[in-house]
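The chain below stands alone and is given as structure tokens, in the form predicted alone.
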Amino acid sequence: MDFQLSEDQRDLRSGVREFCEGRFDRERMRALVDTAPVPGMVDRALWRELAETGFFSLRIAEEAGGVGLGVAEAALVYEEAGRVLLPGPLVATHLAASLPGRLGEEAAAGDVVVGLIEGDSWPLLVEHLDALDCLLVLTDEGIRRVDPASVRGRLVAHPVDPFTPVTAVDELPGGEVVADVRVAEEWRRVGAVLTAALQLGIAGRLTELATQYAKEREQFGRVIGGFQAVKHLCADMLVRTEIARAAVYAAAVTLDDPAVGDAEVAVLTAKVMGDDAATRNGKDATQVYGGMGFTWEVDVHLYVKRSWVHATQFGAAEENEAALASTL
């Protein structure tokens, strides 16, 4: 069995990386987070450009106007999105694009921004509410559609991630059912893998940032990367990233071909390892940067905060670990 990426997959990854770095480079990222008010983090023009590249229609059949690829390719794409901290409900809109009818078509084309909340038990937090054209509620009974304008709540003044404005919901209408339990279960699995892929991108970028800084920062007459303690931190970050990469890629392949293995175990493992790599690499990268790692000017804290947000999506660590343990 060949576990290496195919030439087409490598080309896809490099093409998406070039696009992301060209459309949302560090200069634009810092300008957005330093000057833009919260809310207002979804750029509609960029959203449509993402749609044109296939971000939301990757898994839709070609005869239906999509790209016709699988979760494996989608994971590569979302890994690159995580690497540059692309803001907005990317995974939710990607999932919505698979719905039949007008909503799915508009989501795939980037004409609408779709949000998603998991469950309807309180407290409820909705991300990017101001930018949403549609809000979907994922429950054990299926998926419901709610008009964002009808959602009542309070904008959180200081969200964890400055790129992710959050509204604490006071009142959530019932909405209309748009998909059944089977689709809801599929969304949970695909959503978990794509979110883990975002975490993988974050973990990899944090490793790059910390390693580069360790090669440049001098202390006691030598670069700090020459000190064993710093070497160990960087090495541990790389190991975590590569373990997470294996888990995420394996889960994506398993969803595309269930005969490969146990999809439930693969998905839970991917999310647990992705979250672990991103959050712990954030801690270690901050330590490599020393006192500078805590400052607003250094990008590390932006990646750390985004990883914390993703770690709450499609199951937190304790929930996924318990579910994984139950399969043993």
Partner chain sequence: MDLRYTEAEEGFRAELRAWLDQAIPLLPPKPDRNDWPGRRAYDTAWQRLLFDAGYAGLHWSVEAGGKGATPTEHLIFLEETERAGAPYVGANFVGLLHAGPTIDAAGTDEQRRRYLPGILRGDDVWCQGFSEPGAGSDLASLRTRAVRDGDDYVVNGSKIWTSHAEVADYCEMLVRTDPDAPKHRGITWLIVPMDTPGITIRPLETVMGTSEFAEVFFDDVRVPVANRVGEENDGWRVTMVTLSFERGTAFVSEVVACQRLLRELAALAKKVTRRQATAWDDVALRRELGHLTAEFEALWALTKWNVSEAQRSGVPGVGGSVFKLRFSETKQKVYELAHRLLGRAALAVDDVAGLPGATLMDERLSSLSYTIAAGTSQIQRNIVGERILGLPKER
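Residue numbers count along the first chain shown, from 1. None of these values were measured; they are calculated from a predicted model.
Separately, the form predicted together with its partner chain exists; it is not shown, and the next lines address it.
Contact here is defined as any heavy atom lying within 4.5 Å of its partner chain in the predicted complex, and by that definition each of G226, I243 and Y249 is a contact residue. Between the options R102, R154, R182, K215, the residue in contact with its partner chain in the predicted complex by a heavy atom within 4.5 angstroms is K215. Though its partner chain is absent from this view, in the predicted complex it lies within 4.5 Å of a heavy atom of just one residue from L209, V253, V169, A131, which is V253. Mapping the unseen interface onto this chain, S57 falls outside it, with no heavy atom inside 4.5 Å of its partner chain in the predicted complex. The shortest heavy atom separation between D236 and its partner chain in the predicted complex is within 4.5 Å. D43 falls outside the set of residues with a heavy atom inside 4.5 Å of its partner chain in the predicted complex. Under a 4.5 angstroms non-hydrogen atom cutoff, its partner chain in the predicted complex lacks E186 among its neighbouring residues. Here the chain stands by itself, but in the predicted complex one stretch of 158-166, 142-150, 80-88, 227-235, 227-235, has heavy atoms within 4.5 Å of its partner chain. Along 258-295, these residues reach a heavy atom to within 4.5 Å of its partner chain in the predicted complex: A259, V260, V265, A266, T269, V272, M273, D276.
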